[in-house]
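Given as structure tokens, the chain that follows is alone and in the form predicted on its own.
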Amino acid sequence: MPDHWSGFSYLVTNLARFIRPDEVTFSGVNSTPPMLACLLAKRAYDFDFVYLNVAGGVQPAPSTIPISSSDPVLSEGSTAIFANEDFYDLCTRGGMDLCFLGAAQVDGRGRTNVSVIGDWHNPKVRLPGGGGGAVMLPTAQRAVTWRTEHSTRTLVETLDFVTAAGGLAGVVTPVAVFVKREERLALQSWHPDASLDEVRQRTGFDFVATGAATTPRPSVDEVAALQALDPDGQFERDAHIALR
């Protein structure tokens, strides 16, 4: 077991730790970290859960680990194949326990922006838009997002645009894990190589840190699972995630 976490391994492992036994869990498009988190959980944890992915896979057994979270290999060995409308339908009927959904910005109320940076009518950046997230964030039982950069431009007091709001249960970054408590994001833990002061300085919204502490280090099984999924370190290199 390594003496410290990399930003990449911290991110993937802590996403996996949101998965619970027997739940229906979904990872979407452009979502490599949660794809790896779901596959890690299948290997590392001694409980079962239903893994759905945007490639259509239902409980897949992929022969290889693809770079893209939309690769058809993620449907190999599936017990069924889902189309996108099936995921949305399942979610709106209350049957989706956990969705991993991306975001460009997250505010302290757990709302997300994947629409624009800057003014809507004259944006600095036009982002992909709500897509499934606008439907799934408010209708899933729980949703978790992540950012590969922990900074005041990504974790903000005021969103440039509110794309989705509702069921956000947690946020994972390379240096911290937040969970929703009483309608606000609260700090659950931080990277052992960081500190509470550093997390506060790098976060644009105020948060409660009562009971927060350094994140428990990875288990032997978590380390082995991630090494098996990324034996050459290609995912980690491509992610370009640094603690600072």
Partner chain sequence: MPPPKITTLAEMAARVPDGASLALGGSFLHRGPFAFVRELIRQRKTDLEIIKQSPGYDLDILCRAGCVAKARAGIVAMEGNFGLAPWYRRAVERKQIVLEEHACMTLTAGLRAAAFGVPFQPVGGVHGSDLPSLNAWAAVKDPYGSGQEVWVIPAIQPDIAVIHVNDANELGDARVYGTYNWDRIMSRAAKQVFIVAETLAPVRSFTDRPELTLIPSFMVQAVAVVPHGAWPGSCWPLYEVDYPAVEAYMDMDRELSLHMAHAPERQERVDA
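The shown structure was predicted, so the numbers you read here are calculated from the model rather than taken from an experiment. Numbering follows the first chain given and starts at 1.
One more form of this protein should be noted, the form predicted in complex with the partner chain, which is absent from this view; the next part is about it.
Of 179-187, 214-222, 200-208, 64-72, which is the one stretch near the partner chain in the predicted complex, taking non-hydrogen atoms within 4.5 angstroms as near?
Result of the contact check: 64-72.
Check whether Gly129 has any heavy atom within 4.5 Å of a heavy atom of the partner chain in the predicted complex, and answer yes or no.
Close contact exists here: in the predicted complex, Gly129 approaches the partner chain to within 4.5 Å, heavy atoms only.
Check whether Arg153 has any heavy atom within 4.5 Å of a heavy atom of the partner chain in the predicted complex, and answer yes or no.
Heavy-atom contact with the partner chain at 4.5 Å: absent for Arg153.
Check Glu157 for me: does it contact the partner chain in the predicted complex (non-hydrogen atoms, 4.5 angstroms)?
Looking in the predicted complex, residue contacts with the partner chain do not include Glu157, since no heavy atom lies within 4.5 Å.
How about Ala134 - does it come within 4.5 Å of the partner chain in the predicted complex, if we only consider non-hydrogen atoms?
It does: once the partner chain is placed as it appears in the predicted complex, Ala134 has a heavy atom within 4.5 Å of it.
Going by heavy atoms, what in 93-124 lies within 4.5 angstroms of the partner chain in the predicted complex?
Counting only heavy atoms within 4.5 Å of the partner chain in the predicted complex, the contacting residues of 93-124 are Arg93, Ser115, Trp120, His121, Asn122, Pro123, Lys124.
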